[in-house]
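In the structure tokens that follow, a single protein chain appears in two forms: structure 1, then structure 2.
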Structure 1
């Protein structure tokens, strides 16, 4: 797309601004309710509002589906995303590199902390089996991975990691209702600071509603969202270790795709 061209929503034709919405209003289904839905969309700044469907979800709730146009336009060039670029080494190459450059096994600790019991995600990263054909960290001979499981208190995870002088700590957060994941993550960072490990270890956050930007905001060194592969995490951690050792510049990454 040409630089500087504003970006608009595309429904049927370029820049027509068409979007779809659905929402429920606590009113009984009626003509008046439909008018309310239209007003609702107009108050969102939408034009040419078509309240497509008004469904009687219950005696006092109506579910609406609307299509409308918006004038919202975005300046693509101005959008700032701290994107996590990971150009990866393959399994063998990465292990060889650790052996040669780090000279010892890289130690990582991970858990699903707080009240969260969703271990499938952290298991996918740490366990032998890994995720969609990509081996987990336990499988790397040059990693030493400890998976503490679920419902682990933040302080406990940090304590255990500190005991082993871990290189990285991995926190998984899956339940996000009323931002419990953010609260718990902030608490983790506080504990890490209290224990004085926040500068020494690489702190990683992951989960279905995590992205790199959010993780940085919360005080982690990186964030990993849905679809993350263990090798992404392994590569990122090794970079961090090398950087801490002064063997590599900050922000560096290997070119090319893993073999």
Structure 2
């Protein structure tokens, strides 16, 4: 894309500015509620608002899906974010690289920490069956993966990982109401610093409202959001290990790293 070319939302045709949004209002389902949803969108600066769906969410709550048009445009060239430049390795090639260059199994611990009870994310990355046809880390012969499950105290995850001299620790945060995932993640980093492992291990954060930028801001080495595959995480960890060993240049980027 040429420098300075503006980008706009795409709905039915290029640059038409049409977007879809969903939200809930604390009102019972009715025609008045639909009108309230339309006015709400208009007050956001949107035009040509169409409320496509309205469903009762609970007593005196209604969930809406609306289509509308925005005049917002972005300067693509001005957007600055971490990017990936080198192709990641497949299952067999990555295992061969670990065997040749690391010479031991790469140790990884993971858990859903704090009060979070949802293990779907950490299971998708660590469990043998993996996710979307992509093997989990337990399936890799040159990984030693430990999935501690849910509601694991941050200090306990760090303690268990330190006992095994883990190369990486994965923290999964699914519950995000009132930014509880951010608060718990900060607590994890505080515990890691207290234990002196924050520079010895690769600390990773994952979840539905996590991205690389947020993870870095919270003190992690990387963040993985929705759609992440186990091979993405596996590649990132291995190259971090090799960089700590001095076998790869620090700061190199690999496909599969978080964007």
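Heads up, when I say rigid core I mean the largest set of C-alphas that superpose within 1.5 Å between the two forms. Positions refer to the first chain, counted from 1. These figures come from a predicted structure and were not determined experimentally.
- Looking at both structures, it is structure 2 that matches the form predicted alone.
- The chain shifts as two rigid parts between the two structures, and residue 119 rides on the same part as residue 219.
- As a two-part rigid-body motion between the two structures, the smaller part of the chain turns against the larger by 23°, taken from C-alpha fits.
- At residue 46, the distance the Cα travels between the two structures is 7.1 Å after the core is superposed.
- Superposing the two forms on their core, we find that the Cα atom of residue 64 is displaced by 9.6 Å between the two structures.
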